[in-house]
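Form predicted alone, single chain, as structure tokens, below.
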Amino acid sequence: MNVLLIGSGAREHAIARAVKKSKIESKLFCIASNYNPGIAALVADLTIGNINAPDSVVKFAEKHSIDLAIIGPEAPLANGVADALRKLAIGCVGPTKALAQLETSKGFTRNLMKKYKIAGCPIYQNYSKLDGVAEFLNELGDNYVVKFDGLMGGKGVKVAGEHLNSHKDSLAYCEEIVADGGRFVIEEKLIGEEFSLMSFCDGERLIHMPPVQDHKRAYENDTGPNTGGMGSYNDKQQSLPFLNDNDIHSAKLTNEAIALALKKEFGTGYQGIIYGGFIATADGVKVIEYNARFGDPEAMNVLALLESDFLELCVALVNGELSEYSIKFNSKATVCKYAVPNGYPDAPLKGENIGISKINNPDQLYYASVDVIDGQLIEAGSRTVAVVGVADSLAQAEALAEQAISRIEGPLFHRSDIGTAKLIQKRIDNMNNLRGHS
């Protein structure tokens, strides 16, 4: 079987490793936006190209007689790469452009939830101009969020009291979006603890992965600007310390309801990864947003735990046969931490040398935004490398991740608090307070 991987970050490095572990005999090919040495070591051909251009991807797929494609990032989905591959009868782990609106348009997803009465939708309004914005902000008071309605790499969300200090600030941000021809959503600010629940979907059935908590803020103790994600963790027994069984059950039901609503809306089933971004609140689990692919960094956590054959799972997904597939995750804890360039995310360093020779276990390391020039690994301007610790407890997994990431040399920083007992206890205390438990 010839398999095509689209993308070249740490998420795709994790996917490439999972494919190569399969007992299915396969050749892996990759079309990438930058050179990833980790992926390059696993594939028959890594070609730098425009991963967002359907024609380029199709040409590459035809050249290598591809049977199955796995799309890593969101932009190729938004540009219809999955549609183009399906026209060639290539099975694709990734939805069509229409179904990918689940991620590419926050307004679409809110309207879908409202139309099909899916639980967990906050009060919201969609806008393409400023009419009515001031009135809706007055209605919400200081309890609101402004979201750019499109892809911004996790950086288009502005929260009142954190990024926006007044209605005047908010109106200025909305005006900026409108001036650029964009749309936006204003919705009530949800208070609680965020988590991700990703599910494999074959068009009919879903198989859920363990829940993970991502950390969007750049600096320790959840401060600083939003990023694509500085790291993530999950606890053993496929849970998180601040969630109860009911929270996880609610999230699973919501992912299932979303898949059903999409099928009703478009008459065709969603094939790929449904990624729900949830928040546990005093009033139950609510939806922050949806993504249409594996999370990055969450992919590193769940794929490190996957005991089943990943490529078999992908084949079952594209053939609509997930019900016949038994999936198993290891009941361990994982902690993923990203090393990012100094200045990230607003003014990241580029082109500086980094060293990984002191890493003891290369299987812990995932390459992201890097390049290799004259045999030297350099940072390419975004999240640089990730490490994952897997162990029987969160404390052990965190220690492994911290030990590994501290050995990476170069002008980089990371969040040493991700997965620590102190930060996790803060999450537990917060949820206990919200739920009225002492």
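Numbering starts at 1 and runs along the sequence shown. All of these numbers come straight from a predicted model, not from anything done at the bench.
Another form, the form predicted in complex with a small molecule, is not on view; read the next lines as being about it.
Of the stretches 142-150, 238-246, 172-180, 346-354, only 142-150 has residues with a heavy atom within 4.5 Å of the small molecule in the model of the complex.
The small molecule is not drawn, but in the model of the complex it has no heavy atom within 4.5 Å of Lys97. Taking the partner from elsewhere, Leu311 is found to have every heavy atom lying beyond 4.5 Å of the small molecule in the model of the complex. The small molecule is not drawn, but in the model of the complex it has a heavy atom within 4.5 Å of Val159. For Lys337, no non-hydrogen atom is located within 4.5 Å of the small molecule in the model of the complex, even though that partner is not displayed.
Taken together, the three residues Glu187, Glu194 and Lys216 all come within 4.5 Å of the small molecule in the model of the complex, as judged by their closest heavy atom. Exactly one listed residue, out of Glu265, Glu321, Glu256, Glu289, brings a non-hydrogen atom to within 4.5 Å of the small molecule in the model of the complex: Glu289.
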